[in-house]
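Just the one chain here, laid out as structure tokens, in the form predicted alone.
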């Protein structure tokens, strides 16, 4: 049995898809296993092509057929469930074959987690450009996982989490010019509800506090600098409060993220991508974790991309991947504890 603090509360290992094999995913997964004790990691199993890892790492691999075998193999080698590649991947050189491998590994990791043989899925970075070239039709991995879990994309939310800040964007990968037209009270309510329930389920916070950011400077100044606060954000806040949730706002975004303000909420609901990600990355660039809320399974990922430019150079920093693994194990444990208490 691996000597992990998570072993007793999250008995099944994590399933970690390696992402695009030409990116830094294989390297950071291997480095996490190398530093498993220093990073305090639970047992996990990589899902992908062993050749992609062997190109960037000379450590031991332990091929397994089931995530549950990873626990006994964890101190012997990096456990891996093999997803065969059509052709070898070259670090820093994305390809169609690599995109197929990334998607196949992701699909298998989701299936292992949905079946209960893995406690959570942690996804390595992928190239959406490469995935689109093979017919991938989703905005990102989040929406793909939601579909595979039978959950409407409107009912899931992307949370970015670091040691002192959690943020949830209402709109994500869309041009900024489209944000005002996409905002609605219903969408803000749905994202806010997913965030609040996620804080309960994944973090064990019984009475979560949500701070909602304004879209416009100075929260619109009563409609003088835009009406989105009046027409969409305030009604959504009122609806969530009527359900009994602790929700405040709309807050002027320029004063929401200093230390004293962050002490007043458990997560910040932001109106667009950069409003959520800039403060998170400014505070926790190397430790940011993407957590998908609203799913029947736990899914996390490091908050960075494939970094093709440094792939294969031994310069990739594994700390964000390690943080994603710890967050996944902690969320899985919180769900187990909640289930045991309910029983």
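Positions refer to the first chain, counted from 1. It should be emphasised that the depicted structure is a prediction, and the values quoted were computed from it without experimental measurement.
In what follows, reference is made to the form predicted together with another copy of the chain, a form of this protein that is not presented.
At a distance of at most 4.5 angstroms from another copy of the chain in the predicted bound form, all three residues 132, 217 and 275 contribute at least one non-hydrogen atom. Checking 172, 149, 96, 238 against another copy of the chain in the predicted bound form, a heavy atom within 4.5 Å turns up for just one residue: 172.
Checking 318, 50, 279, 312 against another copy of the chain in the predicted bound form, a heavy atom within 4.5 Å turns up for just one residue: 279.
Although the partner is absent here, residue 197 sits far enough away that none of its heavy atoms falls within 4.5 Å of another copy of the chain in the predicted bound form. Contact between residue 84 and another copy of the chain in the predicted bound form is not found at the 4.5 Å heavy atom cutoff. Remark: residue 225 counts among the residues lining another copy of the chain in the predicted bound form, judged by a heavy atom distance of 4.5 Å or less. Though the partner is left out of this view, residue 255 does reach within 4.5 Å of another copy of the chain in the predicted bound form, counting heavy atoms only. The stretch among 174-182, 102-110, 75-83, 240-248 whose residues place heavy atoms within 4.5 Å of another copy of the chain in the predicted bound form is 174-182.
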